[in-house]
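We begin with a single chain expressed as structure tokens, specifically the form predicted on its own.
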Amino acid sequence: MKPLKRYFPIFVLPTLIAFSVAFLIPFIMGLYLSFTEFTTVENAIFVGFKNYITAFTEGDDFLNALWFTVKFAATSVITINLFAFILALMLTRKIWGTNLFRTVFFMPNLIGGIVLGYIWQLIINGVLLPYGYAITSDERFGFWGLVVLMNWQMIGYTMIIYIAGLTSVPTDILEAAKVDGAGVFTTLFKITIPSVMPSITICLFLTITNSFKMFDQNLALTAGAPSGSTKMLALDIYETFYGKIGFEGVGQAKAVIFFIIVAAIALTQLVLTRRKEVEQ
């Protein structure tokens, strides 16, 4: 094996080049541009922290979008993981049609976000219109519409991960617990959940990051209406960057703040759940 180690850099090089070109270099350029005023990369003028100050003082749009995104992410992460775990428990039982149901629940994840947004807009408006409302009539309709859409799209995907974790739980431990008289809830909280902590770590990370960075579904379902009250961070950044002339630097600053917030929350979650894995 030792002679092969000298060739590792050669195998890593293509991936490293692709990572640098597609992520690292654009990220560094974006970080620099957040401290400038620009319309193109060539005419960027350094202005220090002006863009960051403007992002928080230009109005309540950014802070409102941040608060709405936090509420949405917290609700979606809890509901998606709860329902996905319950479905995974049900579909790991030896019952007829298990594979069919797994496929059906996973299918929404294959549909694009824009398409999902318009589909659910039609469905929700069809329910609300007989009562004289639309999804853009009230912030609450938009909020819960986005939560339902996100759940419908993500539950099947996270369910598959939970199923993989549940099927790897040693059956002899479960049988021993049953012989010792452990009840259903005791087995669930003392054996099953600790055993699938790696799956929980992955699912929490995926749902947190996907909830925070959701854009296309938000654009298609509500587009921030009414009056920007259902606008999430990604949509607010997009509208600042492309919708306001001279605010490109502010939009870039918002994107950097957005990245820091999501990275901090996701890394904190990973550290906490990884610690639980070690404790088990």
Partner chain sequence: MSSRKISRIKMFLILLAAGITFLLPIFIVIINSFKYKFSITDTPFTLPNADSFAGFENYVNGINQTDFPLAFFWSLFITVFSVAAIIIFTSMTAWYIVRAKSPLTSILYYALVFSMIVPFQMVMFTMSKVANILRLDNPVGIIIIYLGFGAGLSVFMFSGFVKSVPKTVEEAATIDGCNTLQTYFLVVFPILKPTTVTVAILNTMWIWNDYLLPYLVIGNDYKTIPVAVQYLKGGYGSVDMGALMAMLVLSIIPVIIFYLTSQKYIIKGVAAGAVKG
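In this text, rigid core is short for the largest set of C-alphas that superpose within 1.5 Å between two forms. Computed from a predicted structure; not experimentally measured. Residue numbers count along the first chain shown, from 1.
Only in words, not in the display: the form predicted together with the partner chain, which the text now covers.
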query: All of V77, A182 and L204 within 4.5 Å of the partner chain in the model of the complex, heavy atom check; finding: no
query: Heavy atom within 4.5 Å of the partner chain in the model of the complex - residue from L188, L82, A176, I111; finding: I111
query: Heavy atom within 4.5 Å of the partner chain in the model of the complex - residue from F27, F49, F56, F46; finding: F27
query: The partner chain contact in the model of the complex: V70, any heavy atom under 4.5 Å; finding: no
query: 4.5 angstroms heavy atom contact with the partner chain in the model of the complex for Q252; finding: yes
query: Heavy atom of Y131 within 4.5 Å of the partner chain in the model of the complex; finding: no
query: 4.5 Å heavy atom contact, L272 to the partner chain in the model of the complex; finding: no
query: Which of 189 to 197, 122 to 130, 137 to 145, 167 to 175 lines the interface with the partner chain in the model of the complex (heavy atom within 4.5 Å); finding: 122 to 130
query: Members of 99 to 117 lying within 4.5 angstroms of the partner chain, judged by heavy atom, in the model of the complex; finding: F101, R102, T103, V104, F105, F106, M107, P108, N109, L110, I111, G112, I114, V115
query: Core-superposed comparison between this form and the one not shown, F27 Cα displacement 2 Å or beyond; finding: yes
query: Shift of N43 between this form and the one not shown at or above 2 Å (CA, core fit); finding: yes
query: I257: Cα shift of 2 Å or greater between this form and the one not shown (core-aligned); finding: no
